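Quick heads-up: it's one chain on its own, the form predicted on its own, in structure tokens.
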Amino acid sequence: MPKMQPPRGTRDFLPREMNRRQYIIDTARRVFESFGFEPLDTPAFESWELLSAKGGGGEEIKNEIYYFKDKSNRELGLRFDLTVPLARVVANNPQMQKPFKKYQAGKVWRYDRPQAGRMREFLQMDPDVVGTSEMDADAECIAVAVETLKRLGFKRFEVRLNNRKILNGLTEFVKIPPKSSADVFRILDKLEKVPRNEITRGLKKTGIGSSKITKLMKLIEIRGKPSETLPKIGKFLGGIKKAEEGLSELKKIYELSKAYGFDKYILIDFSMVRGLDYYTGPIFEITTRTRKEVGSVAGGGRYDNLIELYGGRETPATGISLGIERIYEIMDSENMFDVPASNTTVFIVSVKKEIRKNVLEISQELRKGGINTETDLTGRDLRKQLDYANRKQIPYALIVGPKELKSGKFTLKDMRTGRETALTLGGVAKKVN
């Protein structure tokens, strides 16, 4: 029988990779919690009614997600992000104290063509703030993502900002009918993935004339520092109330970014759309300057209408999502990991099988002291046990035999240097901790 492979767009993570992924997850979790975010979890699959709601994922999302029917013929789908499930949770729990600051780590699924930085199954970590329309919440979500990246060792990255209100203002300025705006945004969202002439062809299919397309493309190509770009685009949008509101929101985020210390990373980019229909205000993406082909490592924005869409009260909300797979891919390719090869600190080498019970008792004592400890489970001789510990890159081997048990002193071998030291069990704990 041929070897069975994981489904296309998915992959297995062996211990070395999982240790590194866990390092990213743990770092993000510590940062999130340092800002006051609390954990949340939701089901991997949701009702199709929820996922396809107009203004959420939309009916067209069926081509992009894993859609299926269960044995009772109920329509379901694997979640394509963590924002829609959160909105359902908040809609169903209106009594929650606001602002509700939560984070969630979980796998999501999209039926994309697998490529660099894009799999069909991937892990996201999202901090969200629900219950305030103040730009302080948006700025804090960005600050959380930036702090996480910095703690992981990232230095060269950009925080790209735009606002859906500004994009709506631009289409109004160019005189594109409101009913065509959603289609226009969906096409513009592919700007970094397909040739420009394909974007132009797509826009023409929506019924927009060539002169309007040229004008729109010229405007959305404005990008740069907030002090330069916001006044420049503001000259075109004066008098368009929603667009002016969007400009004001970006200015506020920029001012707050100075206090958080991420102002130097900000780039205003009016071509950034973020394709999902539920965004209503500021949108943001973070990309690294060294591996742009991987795509954004974090992205999100404000979704003030989504909770009400799912039957809840009118509730403003914003959040950002960190793409763990993309972060991992970049860190791995650029040798950014400083993570032990093994989670085990001490491997106890048993000189004789007859002292197995003593070895287990010693291992339990070390574990009680918070030391990850492994013992031999196969009855190998001393040399093979040391070889095993060496191959697994376990830092220390503790040699235990009848002589050591009688004296109360054990030989601790540093597997990296080969140096051996005779220590009591208490001394071993102090040495390796």
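Since the structure is predicted, the reported quantities are computational estimates derived from the model, not experimental observations. The first residue of the shown sequence is 1; numbering continues from there.
Keep in mind that the form predicted in complex with a further copy of the same chain is missing from the display, and what follows is about it.
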| query | finding |
| --- | --- |
| In the predicted bound form, the residue from 337, 109, 154, 265 that sits within 4.5 Å of a further copy of the same chain by heavy atoms | 109 |
| Residue (of 192, 354, 361, 245) lying close to a further copy of the same chain in the predicted bound form, criterion heavy atoms within 4.5 Å | 361 |
| Heavy atom of residue 407 within 4.5 Å of a further copy of the same chain in the predicted bound form | no |
| Residue contact check: residue 413 to a further copy of the same chain in the predicted bound form, 4.5 Å heavy atom | no |
| Residue 187: touches a further copy of the same chain in the predicted bound form, heavy atom cutoff 4.5 angstroms | no |
| Contact flag, residue 204 vs a further copy of the same chain in the predicted bound form, heavy atom cut 4.5 Å | no |
| Stretch from 193 to 201, 275 to 283, 302 to 310, 167 to 175 whose residues place a heavy atom within 4.5 Å of a further copy of the same chain in the predicted bound form | 302 to 310 |
| Contact set, 4 to 19 vs a further copy of the same chain in the predicted bound form - heavy atom within 4.5 angstroms | 4, 5, 6, 7, 8, 10, 11, 12, 13, 14, 15, 18, 19 |
